[in-house]
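Okay, so here's just one chain, in structure tokens, the form predicted on its own.
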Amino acid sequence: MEEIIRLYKDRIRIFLIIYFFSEDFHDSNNLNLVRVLYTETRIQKIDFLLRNPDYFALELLNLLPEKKHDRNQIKSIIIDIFKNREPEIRRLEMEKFFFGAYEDIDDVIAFLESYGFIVFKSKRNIELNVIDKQYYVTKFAKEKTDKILSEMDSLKWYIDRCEQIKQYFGDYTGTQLKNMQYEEETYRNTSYKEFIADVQEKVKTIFKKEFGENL
């Protein structure tokens, strides 16, 4: 039963990432495709932030020195994350591979494509490696998703978190997100195929220093 629930969550989560972080797409020769998200790296790194609320909180704290964002808004988001015990309840561990946090999403992508929610395109380089991965949202999926998003309370947390991640990191490429995540030593020092440890205590320490309050 747990495996079925996990499979369902993976499909929903990956689709919402593609849906929220894709950009408008127009092709007069293929009107069925309405949005596109480029690179699997971007999906994997956004997925890591979605599955690890403590890392999302840490990245928000790392934005404070730039003074480009509302300090009180960031504070409020982090307080809510810890008040709702998201780092324990929402955490879904990821292993570290050669290029950071990674989990095979081929089966999820195949499922979404088989039901007409996305169209996946890619190329192969001269070594026959799959490159230039593109994930297109279909018109059918957009219409269906636009209709049900506000009606499904079970998706509200995912929707809100996707919008928050997009607000602060939506313009980042996959490589930029990867580099950003590698700056955290706990993440960087994780060995190959080991689960990436949490950073709750580090977030609490920095938050105390920044705001003079305990989480």
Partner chain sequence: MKKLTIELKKELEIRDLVIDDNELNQILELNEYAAELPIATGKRILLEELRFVGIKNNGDKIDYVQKFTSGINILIADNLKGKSSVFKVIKFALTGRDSLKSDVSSWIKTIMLGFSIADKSYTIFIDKTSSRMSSTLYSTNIDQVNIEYDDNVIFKSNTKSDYEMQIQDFFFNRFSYYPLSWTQKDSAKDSIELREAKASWSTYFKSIYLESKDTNSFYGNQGSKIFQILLGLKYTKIINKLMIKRDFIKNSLAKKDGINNIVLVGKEDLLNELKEIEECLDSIRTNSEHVKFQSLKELQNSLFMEIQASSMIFSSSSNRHYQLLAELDNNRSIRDSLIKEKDGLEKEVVKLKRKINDLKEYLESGYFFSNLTIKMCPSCNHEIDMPSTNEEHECNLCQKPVVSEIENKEQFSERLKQLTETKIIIETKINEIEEKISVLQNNINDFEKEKLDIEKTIQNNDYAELSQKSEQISKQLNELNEKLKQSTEREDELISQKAILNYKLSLQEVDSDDNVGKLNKKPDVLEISIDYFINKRFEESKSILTSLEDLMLNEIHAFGLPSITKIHIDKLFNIEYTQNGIRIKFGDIAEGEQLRVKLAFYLSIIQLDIQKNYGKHPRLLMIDSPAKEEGDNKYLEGLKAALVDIENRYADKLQILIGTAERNMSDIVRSQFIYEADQYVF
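Computed from a prediction, not measured in an experiment: that's the story for all the values here. Residue numbers count along the first chain shown, from 1.
A second form of this protein, the form predicted together with its partner chain, is not displayed here; the remarks below concern that form.
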Given that the partner is absent here, state which listed stretch (39-47, 142-150, 171-179, 66-74) has heavy atoms within 4.5 Å of its partner chain in the predicted bound form.
142-150
Heavy atom of residue 85 within 4.5 Å of its partner chain in the predicted bound form
yes
Can any non-hydrogen atom of residue 9 be found within 4.5 angstroms of its partner chain in the predicted bound form?
yes
Give a yes/no on whether residue 133 approaches its partner chain to within 4.5 Å in the predicted bound form, heavy atoms considered.
no
Look up in the predicted bound form whether residue 207 has a non-hydrogen atom within 4.5 angstroms of its partner chain, and give yes or no.
no
For the stretch 76-106, return the residues whose heavy atoms include at least one within 4.5 Å of its partner chain in the predicted bound form, in the order they occur.
85, 88, 89, 90, 91, 92
